[in-house]
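Next come structure tokens for two forms of one protein chain, structure 1 first, structure 2 second.
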Structure 1
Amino acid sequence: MTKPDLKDDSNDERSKGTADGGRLPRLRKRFDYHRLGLYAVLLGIVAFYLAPIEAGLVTSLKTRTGVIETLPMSPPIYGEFSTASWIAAFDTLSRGLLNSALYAVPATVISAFIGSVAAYGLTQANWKRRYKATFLALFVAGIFIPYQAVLVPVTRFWSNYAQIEGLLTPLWLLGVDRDYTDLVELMITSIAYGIPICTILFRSYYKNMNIEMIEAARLDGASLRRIYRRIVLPLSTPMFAVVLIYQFTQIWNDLLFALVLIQSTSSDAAPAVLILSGLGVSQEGMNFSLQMAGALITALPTIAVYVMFSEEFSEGLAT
């Protein structure tokens, strides 16, 4: 709790340096027209960033006539308020939400763990610079690859070369729908493509760790594996928070792999974004109320994670 306070203080210091000086002017600051203008601009920008979400929210709570007859950003008036869209959207999406969680959570945890171990190995390795740089460059480039470039091979791989349906027989015996084969494929794919970013995020963290501490552990007789288990892993908790949050958002939000690996929107294993991408479109036109409700429901988990851990989220982005 003290950390944000400290930060605010230092900001105050700087504003003192740039705008005024000394203590008295600081009191006066509140009546400063410059600052008043600044806050007005900041609030205006807030309106801009929240407008689409606000419009979506109020629209989702209106009847179909309400959507057409009232302003898109005004709250529903009496008689046009309806939760029908939310109920309908939830009905359609609940299966997808569960499926998304089923593959996004394990994929996030596994790719974060693999990334952490790999980054540790790379940090420990005392290689010649050009080899290490080449190696790391492969990981960094792996983050930025447009997935289109691997799409056809990945589809071929899962459909013709790695038929895992047979391996999952115990699941089918338990009564799980066979469509879930696709979800397992999607999970493994998400793990594989999440590894580069996870590795690089952990690597940037481990690079700043006290090397003497690792060396001390080596001299204390610990093997590389023991050092990871007893020293590095316990000290990685803050970075795990960052990576897990970032990676979860990425995997949950991704449409492309879901689109090509899951048979169809109507599949039992369809994740939420896939269902959402086809929601509200029908013969008689668009049902915006339903679409907005669906969008909000799909976004809720990531928004919740984001609001709870916004610090970690922005750290993950800035690295």
Structure 2
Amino acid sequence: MTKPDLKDDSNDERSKGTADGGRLPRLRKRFDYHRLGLYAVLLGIVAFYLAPIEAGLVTSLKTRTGVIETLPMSPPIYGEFSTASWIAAFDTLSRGLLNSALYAVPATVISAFIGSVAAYGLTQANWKRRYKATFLALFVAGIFIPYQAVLVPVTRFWSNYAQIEGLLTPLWLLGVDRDYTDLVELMITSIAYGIPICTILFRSYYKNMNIEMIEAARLDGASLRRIYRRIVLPLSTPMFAVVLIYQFTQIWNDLLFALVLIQSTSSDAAPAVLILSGLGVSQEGMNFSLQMAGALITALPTIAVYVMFSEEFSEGLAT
């Protein structure tokens, strides 16, 4: 009976371990440096974009004296920390935040829905191509019309031609202030100005949509409206998230139309951005901590909307 040759096997394992042992440290060293560099670049990007937010946050938590005597990005120390600016800013902006929500939310939803329907007609409806090209050119042109070019026409339109105060009489009978007529005008203006960009965004999405289900529904005799309601609309959820986030951010932060149509911060219908423009301004000088607190409070709704639709937003961008 012969004994197994254990010596040869152990020599092979040692030689294999020696070879691997020489190569693995070099690979591990190279991999670690690569990952370290990647993390350093990512941290640098994060710090670059978060630095203004950090500066605004620490400024809002300082007293007026602390803002003057400390560096802009240094945290407040004992004696300089105060939440009075946040309380004062919220008390001043609470009415404006409600007004902004009253016109920004309906304007966002309505403009997104109209843009979706218009894009569906431009891509899936069977009508002559030259008509589609004409309407598409009008929508594209609407995107590039600057706000400043329409300020005078919009003002004259609402003041001289479309006097909607009489149509809102039921609201006045319920005790609503007549200043909210300006808020309705601002909402309709935001809808009209947002429809072109919403249509173009939805059109790019519908152009790449799988049309097999749509063709099958047509063969079954489904109407154009039924196809949109049962097939296209449920599949448009990711793109609706993209459009809603974009539109809500644009409408919520828009100051120019609010400044022209509402004008006064003392109006009961003044939105948050209009009140924010005069927040912290006094004869004693600029109260930077109050302004920073107001700016952060005003930005919270847009952040909340993005967080709520973040997954659908990523999916919509990917498609």
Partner chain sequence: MRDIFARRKSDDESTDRSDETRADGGVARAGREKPGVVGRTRRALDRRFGEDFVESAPFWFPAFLLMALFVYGAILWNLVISLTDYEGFGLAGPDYSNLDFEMYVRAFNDSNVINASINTFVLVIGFTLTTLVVGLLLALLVDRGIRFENTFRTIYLLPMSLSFVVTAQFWLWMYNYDNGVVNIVLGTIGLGPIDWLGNQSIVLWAVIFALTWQFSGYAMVVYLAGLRAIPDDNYEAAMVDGASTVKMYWRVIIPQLKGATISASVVLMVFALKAFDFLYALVSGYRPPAGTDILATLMVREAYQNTNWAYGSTIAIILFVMALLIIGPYLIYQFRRDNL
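If you superpose the two forms and keep the largest set of C-alpha atoms that fall within 1.5 Å, you have the rigid core. Reference numbering: structure 1, starting with residue 1. Bear in mind that the values here come from a model prediction, so they are computed numbers and not experimental data.
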* Structure fact -> Structure holding the form predicted on its own is number 2
* Asked: On a core-based superposition, does Ile297 travel 2 Å or more at its Cα between structures 1 and 2?
  -> no
* Leu255: with the rigid core matched between structures 1 and 2, does its Cα shift 2 Å or more? -> no
* May I ask for the C-alpha shift of Ser310 between structures 1 and 2, in Å, based on superposition of the rigid core? => 5.0
* For Leu42, tell me the Cα shift between structures 1 and 2 once the rigid core is superposed, in Å to one decimal. => 4.0
